[in-house]
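Consider the single chain below, provided in structure tokens and representing the form predicted on its own.
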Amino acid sequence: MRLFLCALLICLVPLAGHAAADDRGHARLWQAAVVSLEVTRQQYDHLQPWTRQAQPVAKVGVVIASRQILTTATDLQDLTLVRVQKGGRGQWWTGALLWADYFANVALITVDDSDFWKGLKPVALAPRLNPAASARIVRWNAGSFEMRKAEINRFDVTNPGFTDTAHVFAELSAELGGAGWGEPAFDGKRLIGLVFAQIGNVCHTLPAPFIRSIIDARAKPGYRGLGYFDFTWQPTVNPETQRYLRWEGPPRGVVVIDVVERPGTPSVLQPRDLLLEVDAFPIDIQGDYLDPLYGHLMLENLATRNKWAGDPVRLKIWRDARELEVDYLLPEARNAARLVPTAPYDQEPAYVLLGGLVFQPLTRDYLRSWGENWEERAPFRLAYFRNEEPTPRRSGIVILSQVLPDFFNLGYHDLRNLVLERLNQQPVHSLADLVAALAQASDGFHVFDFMKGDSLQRVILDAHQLEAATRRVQQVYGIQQDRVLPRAQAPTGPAPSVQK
């Protein structure tokens, strides 16, 4: 037995040596592709939207083509400066953001100085991921090149960055701390993904095939960005559900329970439709389909699997005891039907200051100002709206977030987080509505009506003194602008092509 074990160890030592040699060889390749990023961005306080401060963020990038560095889009919004370092130490070079797709969480950065690119070599993106392979997550850390073994646990679907887009991600296990900032994962010579989040030892990673689909799509004219499914469904695990829908045959599909009605665009789906297939992929009773690259995934991924906003998706449904096929047009993720949207990227928070009264649109970024458990800590009435959909009666929410004390607003100093319904009898769904209603003063007064049930339902201000009071409050509290209105999101533009 002892001789057998010795022989076995002798056989294993060369294998381990080969693995170590492979790592050393690959490490030279990875070191010539991986760079450090130092990002400086404007950080806004949504509770005091006129304040800002510079926030430094350390990220990781990987060269994937001539003069192009791939990273995640996390914390690149409101960017003021990006610097890039190669080799883990030494000189920092000024970089520039080529583009960032926040909904896909993918970005490209470049450096104009030709000297920076000397010694760097691009790596290729893997066309598919092998769950059986042993990967490596790498980065420069305090001047040393850090490599950690990682194993692919599974593939799943997520909504990153609080957006409405849902796409595939890979779950990797690795003994690595402080990850989630774009660290590249490799399987040999090929890049298999970027780490965008970490929970314990589990790293959530954007898979290379998904990244490639975004880069290729953006290189073409007319890229419209990612879409999403705006209908709500539930599984049909209970067989009574399928019998209720008069489905005949083996259990399959999920039942649609809610659809978004958009003005001028009636939905092709109806509540109680049984969704059987999406683009010829059969849907099971749990809402999953079999993906050729990733295995069983939730059907939401089919909205972002080489599909873009405005593209038709072929749905096979069961309605009124008969089978139908309909074309569902993917809505834009950035125009998601949410009563409480995420604040627009690359824009300072919007507000209007009127005599010390601060009005803001209710956004998820505002609610998240209450910290990690904002769903529980934010004002209940405001948090209640977060999962509601806009309606013709209420397309958005404007709140009186606070009152900056001044003798002009005496008696109203303690008011905060009230939902504004009307100003001068004009409905208010946006800050634009609020500004327009200021021209409708009645008998020299502005009358603000708030949602019933709040502690106070009406505020009356002298219209003649409003402007002077606003200027006085600005001077006392050091507020440069009395208003910042939201601007339309710029259309998603084309990006430079990337070598494959």
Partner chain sequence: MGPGLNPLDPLTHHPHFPTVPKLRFPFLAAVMLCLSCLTVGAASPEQSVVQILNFSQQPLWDSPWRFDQVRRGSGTGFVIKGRRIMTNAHVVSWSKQILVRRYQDPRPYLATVRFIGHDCDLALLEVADERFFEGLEPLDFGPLPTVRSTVVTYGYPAGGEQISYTRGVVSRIELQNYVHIGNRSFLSVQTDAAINPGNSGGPVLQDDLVVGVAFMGIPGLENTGFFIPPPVVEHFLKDIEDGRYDGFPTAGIRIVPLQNPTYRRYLGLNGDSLGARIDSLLPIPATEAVLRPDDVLLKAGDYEVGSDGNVTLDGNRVFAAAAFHSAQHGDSLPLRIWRNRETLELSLPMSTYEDDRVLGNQYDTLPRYLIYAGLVFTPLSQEYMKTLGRDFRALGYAELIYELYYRRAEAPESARPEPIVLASTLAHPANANLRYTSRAVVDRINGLRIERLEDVIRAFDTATNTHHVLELLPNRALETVDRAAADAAHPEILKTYAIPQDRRL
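From a predicted model like this one, the values you see are computed outputs, not experimental measurements. Numbering follows the first chain given and starts at 1.
Although not depicted, the form predicted together with the partner chain is the subject of the following passage.
- Comment: 227-235 is the region of 227-235, 169-177, 71-79, 130-138 lying near the partner chain in the model of the complex, near meaning a non-hydrogen atom within 4.5 Å.
- None of 384, 92, 117, 145 but one reaches within 4.5 angstroms of the partner chain in the model of the complex through a heavy atom, and that residue is 384.
- This chain appears without its partner; in the model of the complex, the one residue of 29, 468, 460, 436 with a heavy atom within 4.5 Å of the partner chain is 460.
- Taking non-hydrogen atoms only, residue 280 never approaches the partner chain to within 4.5 angstroms in the model of the complex.
- The closest heavy atom approach of residue 272 to the partner chain in the model of the complex falls within 4.5 Å.
- Remark: residue 241 counts among the residues lining the partner chain in the model of the complex, judged by a heavy atom distance of 4.5 Å or less.
- In the model of the complex, the partner chain sits beyond 4.5 Å of every heavy atom of residue 112.
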